[in-house]
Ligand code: BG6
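Just the one chain here, the form predicted alone, laid out as structure tokens.
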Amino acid sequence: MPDSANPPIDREQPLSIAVFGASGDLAMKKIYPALFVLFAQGYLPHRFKIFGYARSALSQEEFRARVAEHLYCRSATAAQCNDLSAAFLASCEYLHGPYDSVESYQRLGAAMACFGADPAENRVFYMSIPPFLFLPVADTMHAAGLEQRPAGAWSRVVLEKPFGSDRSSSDALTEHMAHVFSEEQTYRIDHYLGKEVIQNLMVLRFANLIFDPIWNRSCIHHVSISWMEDIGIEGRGGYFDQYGIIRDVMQNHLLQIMALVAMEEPIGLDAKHVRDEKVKVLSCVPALTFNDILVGQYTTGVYRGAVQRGYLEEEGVAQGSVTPTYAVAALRIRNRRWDGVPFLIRAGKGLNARLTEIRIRFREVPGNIFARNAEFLSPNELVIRVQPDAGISFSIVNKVPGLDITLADSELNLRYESAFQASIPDAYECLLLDVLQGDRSLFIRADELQAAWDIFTPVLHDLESCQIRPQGYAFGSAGPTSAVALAALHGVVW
């Protein structure tokens, strides 16, 4: 639901979108394809322009050819798709120049004003750039007057994570950006919140009465949230070695998922009330200590018949780097609903699987009269698979057909691909549409960001000041063996 301060976009009012870092992978593979889908489905205004800006010296033809490589249609015929692509590309322009050049930004501003002043166009600025460029770009935009709009038009900025590297740097970034864009104009994007299964979490919890009485410490033993990749850093050594897996994945993606799993029901679906509840639950999580976390780093290994190099051999990684590529943390939520329930979150690269999932393990049946028949059966477990093969499954115990009473685990399984005769939109499509409609429910508010950094900042500083060497694990393995021991300390079996 759109915020009252940001009404839905008027299709009759023109729109200019500026994508900073337009020649990079994120813009080419995610942002432009998502905007094309919104265009093809009629969600963009009748008059719109998308201006790519970067330092790469590309001609209009070269830039459009690169964009065209990544566009896709879902339901249109080949001929329709070609016509739509041609129309979309005609609305894409490219400018190149330094990120700190007021003169270049003034040229960009003049191009964005191509529709005239009646009515003035709305503006979206997407910062698909490294975080260290956020402030220089914002300051230069302000000096060029790009973000200033007359009455009746708005401007909004989209920021990609990470938002700082700890609480103090995050606060400084927020404070500095506020001189250019207000909190209401700022959309801190976490693309995991745009994924269909994650958006379904609130529906699953609050639109189904069956879960309400069991979603608490009385019935749930633990919750584990996993993010695993069977690839390395894929040429991102310079970036990744600066941030590591905790800042890159855990402090944002996994903590946001945890907040949606654990928060109380909001009194409404508007952005304020949804984010209020996320802030409340994150504020109940004590800061992590050394006893709550384990870090690892992948080493050379053989995976799928090929030798994979270790992290320290990756291009762009500093010699002897102690940056973790794997981490598992045990979090506690000190409130009435969750006190005593461990929330284990883990993330890693160079592992033996690619998946993102939530596992909610329920407690064993007390005084189980079938214990003799179910010695090796597991307690009930709700599994929410984000990727791949998005779906929801619930394990229960059933009697095996026959004359004897023999019990077995069985699964109630909902797979999105087979259950819904509709294609699943990409997360960026959902989130960019929300930006245009002024709906900030799935974007991170400043106080939410502060609460998230408060959980991780102390232990990040301790790991780095003590130069803790991550435990090695072979590329293609399940991760450090000590992760199993850490989980066991909290009663969790992996």
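We number the residues from 1 along the sequence you see. Values in this document were obtained by computation on a predicted structure and should not be read as measured data.
Keep in mind that the form predicted in complex with 6-O-phosphono-beta-D-glucopyranose is missing from the display, and what follows is about it.
Between 6-O-phosphono-beta-D-glucopyranose and the residues R236, K280, H176, R363, the one pair within 4.5 Å by heavy atoms in the predicted bound form involves R236. Just one of Y94, W338, Y192, Y99 comes within 4.5 Å of 6-O-phosphono-beta-D-glucopyranose in the predicted bound form, counting any heavy atom, and that one is Y192. Although the partner is absent here, Q387 sits close enough that one of its heavy atoms falls within 4.5 Å of 6-O-phosphono-beta-D-glucopyranose in the predicted bound form. Contact annotation: D248 falls within 4.5 Å of 6-O-phosphono-beta-D-glucopyranose in the predicted bound form, judged by heavy atom distances. Contact annotation: E121 falls outside 4.5 Å of 6-O-phosphono-beta-D-glucopyranose in the predicted bound form, judged by heavy atom distances. For W227, a non-hydrogen atom is located within 4.5 Å of 6-O-phosphono-beta-D-glucopyranose in the predicted bound form, even though that partner is not displayed. Only one of 328 to 336, 228 to 236, 271 to 279, 204 to 212 places residue heavy atoms within 4.5 angstroms of 6-O-phosphono-beta-D-glucopyranose in the predicted bound form, namely 228 to 236. If you check 6-O-phosphono-beta-D-glucopyranose in the predicted bound form, you find no heavy atom from any of K49, R149 and R156 within 4.5 Å. Residues of 328 to 358 lying near 6-O-phosphono-beta-D-glucopyranose in the predicted bound form, listed in sequence order, are K349, R354, the criterion being any heavy atom within 4.5 Å.
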